[in-house]
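So this one's two forms of a single chain, laid out as structure tokens and tagged structure 1 and structure 2.
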Structure 1
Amino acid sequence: MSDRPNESFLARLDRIDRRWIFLMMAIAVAGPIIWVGVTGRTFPETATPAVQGAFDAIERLPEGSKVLISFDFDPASAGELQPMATGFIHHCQLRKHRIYAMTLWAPGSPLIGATLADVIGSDPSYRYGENFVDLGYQAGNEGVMKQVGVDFPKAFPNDSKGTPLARIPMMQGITRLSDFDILISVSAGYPGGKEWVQYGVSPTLTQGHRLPFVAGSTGVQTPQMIPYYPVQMSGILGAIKGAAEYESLVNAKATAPGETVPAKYQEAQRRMAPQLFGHSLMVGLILVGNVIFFAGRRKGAAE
């Protein structure tokens, strides 16, 4: 097959077509998905301090607290962030908090409705307008953040259905961001968690009444958010691993030992199996790449 028959194995490996690597990655991810789909097995998760911090921040609020959650992501990042959004709403529901959902990403708007319907749609104790509300999308990015910090009804004059805020019972008494008990941002980038810290949380920090803030963020964004923890941010779910840890914390609270956890609350945990094989493949590829590199360098030096 090879057009260079005297070539060493490592040299041929070095020239391997990248499509073989693509194929390996596809198998490394697809195989575990099928395995988990068929067996339903997931790996155990232990929460890291940042995830525990996020959980505790929501957990310690008294029942009925006002939680503003911003769905700052689109379907492109839903693979990572949807389990976090589902987990946050599920946790708030367990704690009987009032949920105010909004988004600064236009394609995030349908995700709010779908998540609320999925998690609390069948709960008779949660009534729209009294226990949860979908405020939808507003254009303006940081402009909206700045405005909700000063005049919330001006930024969101109505909910996603067009109902004026004055006619929504749970909006009574909400005039600015600091009227909420906690802010959660599930974000895929700009505008998102970082901007919420800058425009939403930091002003309350200097005003002496820090608004508790929790973030769920993509793998790309998480390292940039770490310096905000724990002063400006109570906790963070970093990438799918953070989501899986948070899921396990919420599920441990929601279900009795031995009870089956609904599949919709295990999305991130299911995804940790393809992660394991994908990461292992990456490590293997880097190792093999370096073996080839050093072997080639040694050969070059010998010649």
Structure 2
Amino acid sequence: MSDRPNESFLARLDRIDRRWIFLMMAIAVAGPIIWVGVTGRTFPETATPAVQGAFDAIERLPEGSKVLISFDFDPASAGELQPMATGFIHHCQLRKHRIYAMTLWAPGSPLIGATLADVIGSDPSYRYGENFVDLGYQAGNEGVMKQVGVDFPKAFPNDSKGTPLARIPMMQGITRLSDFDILISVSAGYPGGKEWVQYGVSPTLTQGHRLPFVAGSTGVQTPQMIPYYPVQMSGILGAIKGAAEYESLVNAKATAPGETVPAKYQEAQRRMAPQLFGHSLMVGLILVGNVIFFAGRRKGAAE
């Protein structure tokens, strides 16, 4: 019982111990995590036009198309971006595209190998050097982007294993960026998607070729990318929500009704449940706080 019997309900809420709020947030986050882990179910996602555009850009390419994907992120941002990279590689695998992976971030090099091994490592139809290649890391930021636009072998003379490009079958005929059928960037900042538009995609227009470009980016970087959509960019995945929407599209294509989707292809969707309930609680607490504030001010004015 309250030690202030005449105190209103809103006044009691205003004095609530903050530990109750911490407990509510813990339940809002932990509850959905446990539910998803036990049931394996995720919430349905509806793709926004920008995410649908990214999916369609890869989907409409003919089988065996050349896809250049740049892993421009590091382990610190992998929680938000790794599901995107996995989703892009998975989608390209389903479409039987040739995958050319590279990075302009030194910490991104191990992420390429891990992602390729996780997604296509057990696929017998994919053979290194014929269907996929790891070009590794190259320093130089925008300089590398400009170089691949005019002389790709000069920017990447070897793959990540040190093998000369001339000895890699799928590199035959690759002389510049416009020789690829699409460019994908998964980026956490500089250099990343924005720089690829400025120094990679835009110059191809002067060569009489519009290179399709899609990107996945962190929530912080996404507002910088939106102005380039849909002219310079075919689509964009923004933060973990965009990744979840993209996963839902790819999984719907890859699995039959009732078939179980591997957890590695649902990472973003699985993370949306705790985010949804956590954000909902935060919004609710903000609304309650404002109600208490304005009610208290009105009471003070009346007195």
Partner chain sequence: MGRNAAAVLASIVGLVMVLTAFARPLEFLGTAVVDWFNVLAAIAFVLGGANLLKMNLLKISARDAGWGYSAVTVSVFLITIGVGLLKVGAHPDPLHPDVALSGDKEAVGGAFWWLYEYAMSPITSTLFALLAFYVASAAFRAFRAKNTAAILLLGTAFVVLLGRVYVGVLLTSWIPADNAWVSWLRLENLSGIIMGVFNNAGTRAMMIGIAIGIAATSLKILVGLDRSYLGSSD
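Note that the rigid core is defined as the largest set of C-alphas that superpose within 1.5 Å between two forms. Residue indices: 1-based, along structure 1. Computed from a predicted structure; not experimentally measured.
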Subject >> Chain form predicted on its own: structure number out of two >> reply: 2
Original post:
Using the core for the fit, does the CA position of Ala26 change by 2 Å or more between the two structures?
Top reply: yes
Subject >> Whole-degree rotation of one rigid part against the other between the two structures >> reply: 25
